[in-house]
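Just the one chain here, laid out as structure tokens, in the form predicted alone.
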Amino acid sequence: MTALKMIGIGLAAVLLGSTAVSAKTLVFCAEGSPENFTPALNTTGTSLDAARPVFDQLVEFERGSTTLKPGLAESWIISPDGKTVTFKLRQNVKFGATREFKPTRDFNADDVLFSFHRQSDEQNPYFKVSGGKYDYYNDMDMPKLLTSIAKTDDHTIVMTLSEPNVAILANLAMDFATIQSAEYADYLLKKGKPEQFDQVPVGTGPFVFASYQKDAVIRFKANPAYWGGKPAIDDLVYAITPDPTARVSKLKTGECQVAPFPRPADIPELQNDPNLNVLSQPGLNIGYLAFNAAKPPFDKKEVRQALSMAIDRKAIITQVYGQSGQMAKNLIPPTMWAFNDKVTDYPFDPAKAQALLKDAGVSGPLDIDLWYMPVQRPYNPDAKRMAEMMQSDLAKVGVNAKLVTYEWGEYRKRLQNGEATAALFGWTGDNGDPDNFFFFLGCIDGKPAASNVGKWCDPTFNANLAKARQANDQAERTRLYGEMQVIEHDQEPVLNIAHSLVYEPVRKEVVDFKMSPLSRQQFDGVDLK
């Protein structure tokens, strides 16, 4: 056995508090800490990745792709009018256990009802637990779309929709549609500890939650009764390592076997390491600068356009992304079928930017706050450096940008509350459908979605968003999305910066790890040599 493997196993034994070094232990160097372990409450990949080993959805994505497959629903039927979806549920599916809770029954329709009613029914006792914010469910207009959800027996669920929705199955494969244990929820409610439901998760997934030491380590055990078969890995450990240099160091010494989000500058060194495989693929993502259209003078599109022209994105791509970034002119990447290549990108033109600001009535220095993320994301490898470059560019046109950041969870909460003037943010697609990119600029009944951090609303944009969800013809959807890209470009609620190439280095002893185009971390099909 090599010294590197001994180091890796030794760390795993320490992390797990175990002397059974013969167990297969995979250590994943996670980039951040989860907010909690209930996917319905979260929108960030960091939190969703942390909960994913424990849970399943009715419909799931094939590992490493956007192809749908049966999950907890073994089959489904969509009615001819597209408004009714009937799911036949898988039988003999076991829930995991905790130190104090042992399930007394298998998964059934009641668990599906609970998981959706928690997000939709204000009378559900868990509706307000842990803050009660279900941004994904609401931003995707599920309260309006899902007219009812009912069971006809313990293994049949019927969803009734207010209108046809071509993306409904893909949407139900997303993390917000995770199925949790109704029995566990009832148990904790009777104990007077409902908040524990979101901190100590119980699911039907390939791994069982063991423990979480905040900001340090999450431990999972293989689920021996998993309906898809026991994972090859016995122990799965998330070693929380926010610093990218530390992640690289741990990967090279064998302290972890998988480490996401390397710095672009580190990639050549990683590619030359004989112990590593550096996987890569074009990301279904967008990094952008959001302007708060609810705060003057950013309520004027000319001001938003001016700042976009003042920022040298080519320099940002070179210095922040290196070979890993492609300048973006639309929200969706050019690899997606609805991409409108006829949109003409804004040039880098400081002189024109100054003229636009003057025409918009902005005289004298303009003071703004410019927020940057405290963490690396697939769409932005170094938000602080990017913000510093933007600050320098904006100063040249009379805009004084004060740089601001917060802890990641606080950052997102404050953005959603509309506190920022301008903020770096981004998105990685959840299901491969264009709707999943355009919805975060949407407005539901005239109110900005929670993910619409710039608080921008356009009635034509929203009308097209609704029409595209109902259209079965891809050509018609392409036309609608094409118009939306033109509107977004003209109104400039965000400055589209880059689509990134995503890298994920793994040690060569890892077998069959697959990168996800949706930037998911998934370990149920992974083995170790």
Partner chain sequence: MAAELSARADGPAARLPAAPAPPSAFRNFWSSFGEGKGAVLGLAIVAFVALLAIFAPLVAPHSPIEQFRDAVKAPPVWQDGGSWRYVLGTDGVGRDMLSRLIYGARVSLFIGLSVMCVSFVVGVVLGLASAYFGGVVDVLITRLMDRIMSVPDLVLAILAVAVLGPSLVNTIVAVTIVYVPRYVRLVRGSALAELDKDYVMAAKVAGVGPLRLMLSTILPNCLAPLIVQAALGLSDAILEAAALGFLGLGAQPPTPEWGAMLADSREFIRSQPWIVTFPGLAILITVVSINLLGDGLRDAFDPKMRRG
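This is a predicted model, so every value here is computed, not measured. Positions refer to the first chain, counted from 1.
Although it is not shown, the form predicted together with its partner chain is what the next lines describe.
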query: Partner contact for P264 in the predicted bound form: its partner chain, 4.5 angstroms, heavy atom; finding: yes
query: Heavy atom of Y372 within 4.5 Å of its partner chain in the predicted bound form; finding: yes
query: Contact flag, K252 vs its partner chain in the predicted bound form, heavy atom cut 4.5 Å; finding: yes
query: Proximity of D234 to its partner chain in the predicted bound form, heavy atoms at 4.5 Å; finding: no
query: Among 87 to 95, 337 to 345, 378 to 386, 108 to 116, the region lying within 4.5 Å of its partner chain in the predicted bound form by heavy atom distance; finding: 378 to 386
query: In the predicted bound form, the residue from D393, D175, D458, E183 that sits within 4.5 Å of its partner chain by heavy atoms; finding: D393
query: Contact residue in the predicted bound form, from V278, L169, L403, C443 (heavy atom within 4.5 Å of its partner chain); finding: L403
query: All of T160, N464 and A468 with a heavy atom within 4.5 Å of its partner chain in the predicted bound form; finding: no
query: Residues from 311 to 350 in contact with its partner chain (non-hydrogen atom within 4.5 Å) in the predicted bound form; finding: D312, A315, Q319
